[in-house]
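Here's a solo chain for you in structure tokens, the form predicted alone.
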């Protein structure tokens, strides 16, 4: 069992989250106690699995199977757009951050395992790039950033997730 994160580690992680969120146009939940609890969950999952999977979802322990729920998860943007917060409410919109409104409960968007496997297989067998482009087009599954090149970038220049969070864009 991973050791519980120290207050200092939680503080450092939150500071990094805030800086990254603000640089990308996102906002972190202003409820400090709530946010600290979520961060403790993220850090516990990092200790368990080696990656920061959403603390509000059941991770498999297999990074490839859990790519969609590594924070920031693939569902963050549509959740914020529709409900003012992501599923776990770590990320919120500007109105919630400013205390002008409250986030609505967010239903689970993550497809069941069989649907996730089927979608992964379809992406893997995708044909040539659309429109006769010379390079495949890669899409960041978190923020939607698109790039045309042989391989996805090491890190998304927009939201800073790793290359394994990209998929071939069809």
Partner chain sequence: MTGMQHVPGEDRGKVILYALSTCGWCADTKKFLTGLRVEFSYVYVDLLTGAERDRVVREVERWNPRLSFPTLVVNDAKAIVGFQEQEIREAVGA
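Numbering follows the first chain given and starts at 1. The structure displayed is predicted, hence computed values, not measured ones.
One more form of this protein, predicted in complex with the partner chain, exists but is not displayed; see below.
Under a 4.5 angstroms non-hydrogen atom cutoff, the partner chain in the predicted complex lacks residue 83 among its neighbouring residues. The partner chain in the predicted complex is not approached by residue 52, whose heavy atoms all lie more than 4.5 angstroms from it. Contact between residue 119 and the partner chain in the predicted complex is not found at the 4.5 Å heavy atom cutoff. Using a 4.5 Å cutoff between non-hydrogen atoms, residue 59 counts as a contact of the partner chain in the predicted complex.
Contact with the partner chain in the predicted complex, judged by any heavy atom within 4.5 Å, is made by just one of 67, 137, 38, 28: 38. In sequence order, 34, 37, 38, 41, 44, 45, 48 are the residues of 34-48 having a heavy atom within 4.5 Å of the partner chain in the predicted complex; the partner itself is omitted from this view.
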